[in-house]
Ligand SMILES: Cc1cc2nc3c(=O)[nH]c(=O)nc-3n(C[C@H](O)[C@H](O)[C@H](O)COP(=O)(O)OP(=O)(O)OC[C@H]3O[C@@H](n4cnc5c(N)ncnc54)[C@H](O)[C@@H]3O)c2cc1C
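Single chain ahead, by itself, as C-alpha cells, in the form predicted on its own.
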Amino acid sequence: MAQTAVIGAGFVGLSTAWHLMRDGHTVTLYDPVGAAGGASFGNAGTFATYACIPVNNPSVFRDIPHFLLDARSPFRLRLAYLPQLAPWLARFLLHSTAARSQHTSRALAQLLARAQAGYDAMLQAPGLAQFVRPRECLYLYSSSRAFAQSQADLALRQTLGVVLDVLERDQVQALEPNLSPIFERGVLFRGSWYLSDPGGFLQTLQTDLQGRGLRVVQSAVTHLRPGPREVVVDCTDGTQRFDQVALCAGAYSRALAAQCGDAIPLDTERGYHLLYPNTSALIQRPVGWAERGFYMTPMARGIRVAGSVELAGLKPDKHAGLLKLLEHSSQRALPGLPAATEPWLGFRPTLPDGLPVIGHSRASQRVVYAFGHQHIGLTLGGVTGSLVADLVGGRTPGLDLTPFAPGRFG
C-alpha cells in the first residue's frame, strides 16, 4: 500500500482520502484551513444528480445581453479582470456550441449516474447520515417564456436518464405553500437530496478519518516535485515525500498542476451565499429560481440562499450588488424571510468545457488530478474519490476517463 498525500479538504479531497484509506493506503491530508474551509463550506448543499447541463451551453449566446446589461442578472464580469480572463472566456464560448455542450452533458451524465454509489458506503461512517435530508430539489420558473426556453435542456436531461416531474402553478403552491404565488411552473428532480450542514458533514468525516489514522497537515502546499520513485511535497511547514499524490485543491489547483507539466486553463467562478437564521420551517426542500440563478436550502441554522456567478479571480472582496440581488430575489420568492445575515464568498474551480479534470499528470503516474468540478463538487465528490483510488491502486476505472483527461486542452 502507498504513502499518499491528498491536497485539499473539500468534498472531493476528503472523499478521495476516504476511498484511499478504505483501500488500505496511508493518507496525509494537506489544507491550510482543514475540512470545508473553501467552496465546500458555502454551497447550496444539494446532491444534484440532475446537473448534467453545463453553464457553457448554447443559451449563453442568447443571454449575453441579459447577463451584461440587466441589473437582475445573476452573472457578473469585472472588466478589470477581463485581460486575464480573455483566453479562458474564448475557450468557454467555443465550448458553448450545441455539439460541444452536448458532449459535456453526456460525460457529466456518466459521472452523475455513479454519484450515489460513490457515497453509499461512506454514509455509513459514524455521524454522517444525520446530515442527509431525503427531499428532492424543486426548480422554479416565474414566466412562461423562461419555462419554454428550458424545454430543450429538460428534454436532454431526460434523455440522459434524469427523472423529473413538471408541476403546474397550483402544484408548486401545494408543495411549498409559503412561496410567493409568482411561479408559473416547477420541476421536481426525483432522486436528489441535500445536506443540512455541508461544512458539518465534512468536519465529521475528517474527524472519523483522523480516528482511523488520517494525518492532517493544516498548511498550504507550495510545490509539487514528481520524480520517478516519489513525489516531493513542499508546504509552509516543511517537506515530505510520498509514493502518490492526489491534487484536489479546487480553485487553487492550477499552479500546482503547472509544476507537474500541465497547463490547465482553470479559473474561478465566485459564488455567494446569505443566511436567514431560524427560518428553515418555511420550505421543505431546496428551491431554485431559474431566472435568478440561486437556491434556497433549509439547513440546520436557517435558510441558506446560495448562487450567482462572478468572474473576477481569487480576490477576497465581495460584490455588494450580487449580495443585494440574492437578498432581494430570495425575499421576493419567499416573503416570510427576515433580514439576511452572514454574507459569504467562495471560489468555485471552473474549466471552459464544463468538465472536471480527473487523471494522471503529464509528468508522472504518481500524481493524480481531481479538480474543476464547478457547481457540483458535493455531488461528484464520492465518485471522484473512488476513481482516484482506482488510479492510485493501478486498477482500470469502471468509467472512460477520456473526457476528463488533463491533456485534453493541448
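Don't overthink the numbering: it's just position in the shown sequence, from 1. Predicted model, so just to flag it, every value in this text is computed and none were measured.
One more form of this protein, predicted in complex with the ligand, exists but is not displayed; see below.
Shown here without its partner, the chain carries Thr4, Tyr369 and Gly385, none of which come within 4.5 Å of the ligand in the model of the complex through any heavy atom. Using a 4.5 angstroms threshold between heavy atoms, Ala9 counts as touching the ligand in the model of the complex. Under a 4.5 angstroms non-hydrogen atom cutoff, the ligand in the model of the complex lacks Pro226 among its neighbouring residues. Although the partner is absent from this view, Thr46 contacts the ligand in the model of the complex, with a non-hydrogen atom inside 4.5 angstroms. None of the heavy atoms of Pro352 is located within 4.5 Å of the ligand in the model of the complex. Figure note: of the listed segments 203-211, 277-285, 306-314, 149-157, the one touching the ligand in the model of the complex, with heavy atoms no more than 4.5 Å away, is 306-314. Put simply, of Cys52, Val27, Leu378, Val357 only one has a heavy atom within 4.5 Å of the ligand in the model of the complex, and it is Leu378. Interface residue among Phe75, Phe92, Phe189, Tyr252, judged by heavy atoms within 4.5 Å of the ligand in the model of the complex: Tyr252. Contacts of stretch 205-235 with the ligand in the model of the complex, defined by any heavy atom lying within 4.5 Å, are made by Ser219, Ala220, Val221, listed in sequence order.
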